[in-house]
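Before any questions on how it binds or moves, here is one chain, the form predicted on its own, in structure tokens.
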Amino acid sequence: MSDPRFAELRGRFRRFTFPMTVLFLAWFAAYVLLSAYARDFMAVRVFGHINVALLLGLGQFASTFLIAGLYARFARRSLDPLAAELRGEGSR
């Protein structure tokens, strides 16, 4: 498409998704590397039978849901209005 609004839509999408993807992959790689090479650190008990590895593993799930929520909010505010505008014009 040659419409500059479409290019703007793609740019907005990329400005959110690329940094978030890099951030999440770095966080995941850190978790994997710590699990492989810092076993003593990961085995440290924080309280009861809960250790650092378990907390960081649960943090992976939490960060996934957080990123999904942030993306939904971002899309609703920044992407959806422009996409609706483009769709509305295309159906005429």
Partner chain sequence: MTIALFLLFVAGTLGITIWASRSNRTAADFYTGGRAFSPVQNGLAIGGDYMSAASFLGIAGIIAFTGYDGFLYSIGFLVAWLVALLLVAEPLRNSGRFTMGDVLAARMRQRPVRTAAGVSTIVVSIFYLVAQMVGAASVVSLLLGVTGDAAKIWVIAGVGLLMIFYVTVGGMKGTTWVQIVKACLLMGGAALMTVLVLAKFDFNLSDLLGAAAAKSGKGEAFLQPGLKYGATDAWSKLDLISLGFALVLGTAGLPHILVRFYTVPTARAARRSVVWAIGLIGAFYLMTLVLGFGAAALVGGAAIKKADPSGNTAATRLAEVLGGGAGTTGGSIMLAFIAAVAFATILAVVAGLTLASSSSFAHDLYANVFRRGGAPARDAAQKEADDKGEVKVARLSAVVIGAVSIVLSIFARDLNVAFLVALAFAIAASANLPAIGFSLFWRKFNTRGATTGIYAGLVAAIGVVALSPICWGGASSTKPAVKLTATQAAECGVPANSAKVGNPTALFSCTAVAPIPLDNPGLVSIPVGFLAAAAGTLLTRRRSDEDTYDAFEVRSLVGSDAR
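Since this is a predicted model, take the numbers as computed values, not measurements. Residue numbers count along the first chain shown, from 1.
This protein has a second form, the form predicted in complex with its partner chain, left out of what is shown; the following refers to that one.
Mapping the unseen interface onto this chain, residue 46 falls outside it, with no heavy atom inside 4.5 Å of its partner chain in the predicted bound form.
Within 4.5 Å of some heavy atom of its partner chain in the predicted bound form lies at least one heavy atom of residue 76.
Using a 4.5 angstroms limit between non-hydrogen atoms, residue 14 touches its partner chain in the predicted bound form. Along 15-39, a non-hydrogen atom within 4.5 Å of its partner chain in the predicted bound form is carried by 16, 17, 18, 20, 21, 24, 25, 28, 29, 31, 32, 33, 35, 36, 37, 39, in order along the sequence.
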